[in-house]
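There is one chain below, alone, in structure tokens, taken in the form predicted on its own.
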Amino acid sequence: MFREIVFSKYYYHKINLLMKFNLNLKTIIVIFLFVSNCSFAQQVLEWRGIQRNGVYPEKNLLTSWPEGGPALLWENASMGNGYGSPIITDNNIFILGETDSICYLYALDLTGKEIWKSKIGYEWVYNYPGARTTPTYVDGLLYVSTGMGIVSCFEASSGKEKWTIDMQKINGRNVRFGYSESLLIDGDKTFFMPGGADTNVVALDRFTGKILWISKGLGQIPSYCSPLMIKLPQRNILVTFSKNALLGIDASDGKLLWSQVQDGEGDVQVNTPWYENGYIYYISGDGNGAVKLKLSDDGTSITDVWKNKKCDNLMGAFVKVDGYIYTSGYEKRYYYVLDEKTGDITDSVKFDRGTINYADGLLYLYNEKGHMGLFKPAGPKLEKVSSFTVTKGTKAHYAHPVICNGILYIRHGKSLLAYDIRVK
């Protein structure tokens, strides 16, 4: 926290305001550190929750659902086409949608009523047309990206655009399903992969959109991964996928620290990696399958621990609970359980294939046929508790659900649905 306070332009501005009152530096620092803990601490809301891992810190949720599923509180059926998830603040819901080839950022109240919408720019309208990313919220600002590589920042209160940049105009190269990266913020930086041979990954000043550094990476086109930030004492590491390689990049200057090339030439590397206790986990259905890596203490190298190519989740993500990894298959439409230590599959459950989240001791499985399942993670086993079918909405069931304040939000095409899963 102190490092972010010292170097952030936001906090420099606050210090300068205090200095106008002729306070000495020691007094300013004491006041500022106290106030920062109360009101200036960076609030980030983003793709798949606080750590980008699909684990939601909810309590007092239903342990089973009635026949037909939990109560539907409301539906907003005017979101435009899309597969991106919403983010939810104390007062608002923010989500992206495409209409007539244009991507819009929508602000709703907590009852689903539209407050405002802002035009971003051209959206992807080819393979699976529609918005494909989740907004990132940081201290009153929203960071968004479109399938055509337009990256923008908006004021959350008004929808007013602060800056925008077209990644294809800085030598970016798009891919067959469109840019699909939900933006990551760390301190004063936001990160994006244009995918150029030289302009491969960039860090932008999140307040101005100015490019701070450029990384050549491996010079590959992008994949579809929303990156992870690993924070170590020595450095912060941006971990993401390009076309067929996992990359570890120093977040301070863009230096490529390490990489791991995937088997084959597939370019659909989608799932955000997971970091815990010195180990990186990832699952790539178009590469090495499920993988565990040991990250060196200083973050400059990786070592293989295990690999299981039978576990081939393509884009449904995974969660890790009490020594086991829960995820979907792809070629075989099952959900799998893997032993964290060995990588062995300990159970498989036929529930088609799809996404997975975790909250209040239970797993939420949303498959591509529109079935929403509540499952118990019973160590090496996966036990079904309840399920219902999502019948509202349009097109494919690809969006990752979100759980917030006892509400289960499901985006299905043009519709956003809100289900009450609270214990009464």
Partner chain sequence: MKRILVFAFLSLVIVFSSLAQELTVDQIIEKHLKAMGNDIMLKVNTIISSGHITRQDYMPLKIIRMRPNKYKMEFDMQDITAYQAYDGTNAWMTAPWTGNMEPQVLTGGGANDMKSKAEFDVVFYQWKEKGHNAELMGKEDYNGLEVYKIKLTQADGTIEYYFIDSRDFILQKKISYRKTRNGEMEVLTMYSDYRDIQGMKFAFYTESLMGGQPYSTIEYETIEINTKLDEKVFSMPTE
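Numbering follows the first chain given and starts at 1. Everything numeric here is computed off the predicted structure, so don't read it as measured data.
The same protein also exists as the form predicted together with its partner chain; that form is not shown, yet it is the one meant from here on.
Segment assignment from 58-66, 367-375, 354-362, 45-53: heavy atom within 4.5 Å of its partner chain in the predicted complex: Checking each option against the 4.5 Å cut-off leaves 367-375.
Determine whether any heavy atom of Lys395 comes within 4.5 Å of a heavy atom of its partner chain in the predicted complex, and answer yes or no. Although its partner chain is absent here, Lys395 would touch it in the predicted complex, with heavy atoms inside 4.5 Å.
Within a 4.5 Å heavy atom cut-off, is Ile170 in contact with its partner chain in the predicted complex? Taking the distances in the predicted complex, the answer for Ile170 is no, it never comes within 4.5 Å of its partner chain.
Taking the shortest heavy atom distance, is Val125 within 4.5 Å of its partner chain in the predicted complex? Yes, Val125 lies within 4.5 Å of its partner chain in the predicted complex.
Quick one: is Tyr330 in contact with its partner chain in the predicted complex, heavy atoms, 4.5 Å cut-off? Tyr330 belongs to the contact set for its partner chain.
Residue among Phe154, Tyr83, Tyr104, Phe192 with a heavy atom within 4.5 Å of its partner chain in the predicted complex: Exactly one listed residue reaches within 4.5 Å, namely Tyr83.
Since exactly one of Gly254, Gly121, Gly289, Pro129 fits, which has a heavy atom within 4.5 Å of its partner chain in the predicted complex? Checking each option against its partner chain in the predicted complex, the one that comes within 4.5 Å is Pro129.
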